[in-house]
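Before any questions on binding or motion, here is one chain by itself as structure tokens, the form predicted alone.
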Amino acid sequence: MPGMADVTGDSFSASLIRGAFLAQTRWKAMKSRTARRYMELHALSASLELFKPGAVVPWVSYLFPTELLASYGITPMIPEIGAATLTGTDLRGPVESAADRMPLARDVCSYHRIALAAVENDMLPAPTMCLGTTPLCLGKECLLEMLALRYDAPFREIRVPLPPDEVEASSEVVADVAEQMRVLHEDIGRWTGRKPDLKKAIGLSNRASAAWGRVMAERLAGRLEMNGRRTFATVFLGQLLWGTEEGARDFERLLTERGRSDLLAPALDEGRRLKRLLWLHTVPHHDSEIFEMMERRGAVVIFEEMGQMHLETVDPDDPFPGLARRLTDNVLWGSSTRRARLNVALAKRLKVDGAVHFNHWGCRHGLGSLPVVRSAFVEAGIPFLAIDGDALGRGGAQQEKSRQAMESFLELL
């Protein structure tokens, strides 16, 4: 469309745009030498390969087991990550304008609305396959199925039953999900004509999981306090890299003081204690003001609900049950009662001063469980705040209203 910036394909202008973006990200990584910056570099570098003509481009849901793709040397396109990345660049204006022109209801999740506008206006590459999982939401499954129809690409969905409220998913459920993954893994090879090395991908994924599991264990024990917003963003991008050498190295960098230096929670002078908060659901990616205001008021997010993933290694000789368990028992999957129980237990374990739920505009899954989650925190006597916003938004009246609500909440604490 007129005025749109084509960043796909093999044109000279598209190559320049991609090259400049990558060079800027590489400079930041080399300057800081932290896990966070290197993860940004490696995620971007791998993703830009998808923009080249002839590339295999699998659009996948956020929790899709990307090791299945890594075993074939394929990088996933995750719509939420693509949308968050684009809206943080100079392409924000064009992609938002394109999204506004689409005949979609305004309450459609902005992650999916932006991703759809981007692919239809040459800012993200079109899919050659669409691979979904029922966790965590229906919206992205609708998006993937729609894209598959529009671009004549195969669509597959790993169907995962809701887990019980109080116990783990049954072995029968795990076995069924594992078999779905096994069949899908073979289908990917058939569609692409490639030969997999799944054992290698799982070995690399296990290295990342072992490192991330150690970091999370330290955080849960109270021996390590990290900035929850930045840590969320790091794991969010890291989802692209499970099963790769770069992903393994980047997560292992978090085990060093230098590697995690820009992810540590701030400390107050003279030994004063910060108010420690638990953050629930996604984050406003481009609105740092609310977090800066929190720190000025002596509060910090020290843990994020969505960081609880890929904490255990899986059997490299039979990885499908372990990969399946990551879906069947994900902390965000299941009933509102289950989510509330797990989060209250987490808040008590961390001894936080309060919890904040970010009501991302258009997210039925997150907003639908809010009343139950709120009631559980109130009953447990843990201060709770829900603020409205758009994860991809920047400024505006709603963000200002949320900042005011946060200021009042911090005064009460």
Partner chain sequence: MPYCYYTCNLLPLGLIARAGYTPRWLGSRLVDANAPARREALSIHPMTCPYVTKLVAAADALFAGSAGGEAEERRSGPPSEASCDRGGAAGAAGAAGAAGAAEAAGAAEAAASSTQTRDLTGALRGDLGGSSDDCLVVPGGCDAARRMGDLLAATYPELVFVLSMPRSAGPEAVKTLAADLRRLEDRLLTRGAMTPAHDPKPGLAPGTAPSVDYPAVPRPGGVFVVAGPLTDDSLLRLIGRLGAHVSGLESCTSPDRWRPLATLDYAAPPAPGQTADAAVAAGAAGRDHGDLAAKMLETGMCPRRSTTQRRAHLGRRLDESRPASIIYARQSFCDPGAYDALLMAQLARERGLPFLEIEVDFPFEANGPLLTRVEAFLEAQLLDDDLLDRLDDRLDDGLDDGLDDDLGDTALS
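Positions refer to the first chain, counted from 1. A quick note: this is a predicted structure, and the numbers were derived from the prediction, not measured.
The next section is about a form of this same protein that is not shown, the form predicted in complex with the partner chain.
Q. Where, among 239 to 247, 143 to 151, 284 to 292, 197 to 205, do residues come within 4.5 Å of the partner chain in the model of the complex by heavy atom distance?
A. Selected range: 143 to 151.
Q. Are all three of D107, L116 and L162 close to the partner chain in the model of the complex, meaning a heavy atom of each within 4.5 Å?
A. Per the other structure, all of D107, L116 and L162 touch the partner chain.
Q | 4.5 Å heavy atom contact, F320 and the partner chain in the model of the complex | A | F320 lies outside the contact set for the partner chain.
**Q.** Non-hydrogen atom contact F155 with the partner chain in the model of the complex at 4.5 angstroms
**A.** Yes, contact at 4.5 Å.
Q) Is M309 one of the residues lying within 4.5 Å of the partner chain in the model of the complex, judged by heavy atom distances? A) Although the partner chain is absent here, M309 would stay clear of it in the model of the complex, with no heavy atoms inside 4.5 Å.
Q. Counting only non-hydrogen atoms and a 4.5 angstroms cut-off, does K52 reach the partner chain in the model of the complex?
A. Although the partner chain is absent here, K52 would stay clear of it in the model of the complex, with no heavy atoms inside 4.5 Å.
Q) Which one of D122, D176, D329, E252 is close to the partner chain in the model of the complex, taking close to mean a heavy atom within 4.5 Å? A) Flagged contact: D176.
Q.
Please identify the residue among T66, T34, S369, S47 with any heavy atom within 4.5 Å of the partner chain in the model of the complex.
A. Checked against the cut-off, the match is S369.
(Q) Can you list, in sequence order, the residues from 124 to 144 that come within 4.5 Å of the partner chain in the model of the complex, counting heavy atoms only? (A) Stretch hits, in order: L136, C137, L138, G139, E141, C142, L143.
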